[in-house]
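Just one chain follows, in the form predicted on its own, and it is written as C-alpha cells.
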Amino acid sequence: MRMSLDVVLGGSLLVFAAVVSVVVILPGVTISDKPSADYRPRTELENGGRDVYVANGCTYCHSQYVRWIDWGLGAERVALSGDYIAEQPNLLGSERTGPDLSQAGGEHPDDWHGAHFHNPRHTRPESIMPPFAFLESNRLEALIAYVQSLGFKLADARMERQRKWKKPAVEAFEAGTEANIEWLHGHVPEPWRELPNPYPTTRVGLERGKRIYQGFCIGCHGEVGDGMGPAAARLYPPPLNFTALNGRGATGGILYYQIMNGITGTAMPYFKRELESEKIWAVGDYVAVYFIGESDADTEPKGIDAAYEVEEEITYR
C-alpha cells in the first residue's frame, strides 16, 4: 500500500473511532447506573470533607479504585461502577504515590487521622505526604468524616468496630498500667500468649528490627519506646509505653499478634499487609530487648530450625 493523504486520514479516523468506541461508547453501554450493594449517600459533613479533599489536590497522589490486578496490594474488594454513581466529578485518581483510599474508612480511628493530617510523619515516619496542620478544625473534621466514609456501608461496619473497642480501650487505660496491660494481653488468643519468638536474637536481627521500628513505630511509641512519640499528644488512649511491660509476661507471640493485627479502637494499626513474618518477629524482638528489657527469643518450645538460620546468637535472658 502506498502512503497517501487519503490513507493517512482514513487510518487516523479508524484509530480515533476505535478509541472512542472503547473509551466512551462501550463503557456507556455496559456500565450500570444502579448503586452497588455497598453504596449509601454521603452526609452533609462528608460531602463538605470531599470538597476539602478536592481543594487540596489529594487525587494527585491517591486513587480510589481497586482492580482485579490490585489484589496483590492486599485489597479486599474490587471497585464496582455502582460505587461512583454520585461522583461528580469522580475522584478515581491515576497515581498511587500514596495508598489507594477506596476502602480507607474505618481502617483507623478518628484520632489517628487527626494526628496524620497534622503531620503525616508523626504516624507514618517515612511518609512524603505534606502536612495539613493549616486546616481549621471544622474543615479537618469534615475531611476526616469523608475519609471515614470511603467504602460506604463496609466503611460504616469498620467504624462501628472502631467505636465498639474504643470505649473499653479507654476504660482499660484509665484504670491504670496494670489493668491496661492485663486487658491488652487478655485479648490475645492463648496459643499466641504462650508462643516465644522463634528466631534467635542476633545483631543482624536487632538492626533489622531497629530499621523497621524507625520506619513504622517511632512516631507513636517514641525513640525510647515510652509511648511519647510526636503523635501521642493527639491520640487517646495514647500509645503503649513498652518499658511498662517488663516482668508482665510480654511474650514474643503477644508482640507478634498485636503488631500483626493491631488493636482496634486505638491508634495502633495492623501491619499484616505491610510486614512479612520475619520482620514482625524482628521488630518485636527489638522492642523486647531494648525497651522491655527481656526477650524469650529462641526458647522452648522450639520446632525445626529454618534452613537459613544465623548462627551468631546474642543472649539477653
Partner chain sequence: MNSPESAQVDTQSHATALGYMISAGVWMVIGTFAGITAGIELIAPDLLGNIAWLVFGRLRAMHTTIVMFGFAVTMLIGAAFYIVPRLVRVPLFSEKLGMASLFVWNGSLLAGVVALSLGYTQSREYAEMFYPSDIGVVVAFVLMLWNLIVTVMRRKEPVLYVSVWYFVGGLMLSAATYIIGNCMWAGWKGAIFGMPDAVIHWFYGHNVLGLLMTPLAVAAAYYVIPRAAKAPLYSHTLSQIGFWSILIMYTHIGTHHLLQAPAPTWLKLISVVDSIAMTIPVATVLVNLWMTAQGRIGKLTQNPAARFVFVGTIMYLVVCIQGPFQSLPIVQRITHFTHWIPAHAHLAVVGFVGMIGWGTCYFILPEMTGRPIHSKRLANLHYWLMFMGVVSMMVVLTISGLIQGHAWYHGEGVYRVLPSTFLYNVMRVMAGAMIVVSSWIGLYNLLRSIPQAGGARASAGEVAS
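Keep in mind the model is a prediction, meaning the values are calculated, not measured. Residue numbers count along the first chain shown, from 1.
There is another form of this protein, the form predicted together with its partner chain, and it is not shown here; the text below is about that form.
Each of Y84, S127 and E274 places at least one heavy atom within 4.5 Å of its partner chain in the model of the complex. Stretch-level contact analysis of 153-161, 102-110, 119-127, 190-198 against its partner chain in the model of the complex, using heavy atoms and a 4.5 Å limit, identifies 119-127.
Though its partner chain is absent from this view, in the model of the complex it lies within 4.5 Å of a heavy atom of just one residue from E76, E223, E207, E95, which is E95. Interface residue remark: G57 is counted as part of the site for its partner chain in the model of the complex, having a heavy atom within 4.5 Å. Its partner chain is not shown here, but in the model of the complex it comes within 4.5 Å of a heavy atom of N90. Mapping the unseen interface onto this chain, T43 falls outside it, with no heavy atom inside 4.5 Å of its partner chain in the model of the complex. Its partner chain is not shown here, and in the model of the complex it never comes within 4.5 Å of any heavy atom of Y290.
Residues from 55-70 that approach its partner chain in the model of the complex with a non-hydrogen atom closer than or equal to 4.5 Å are A55, N56, G57, T59, Y60, C61, S63, Y65, R67, W68, I69, in the order they occur in the chain.
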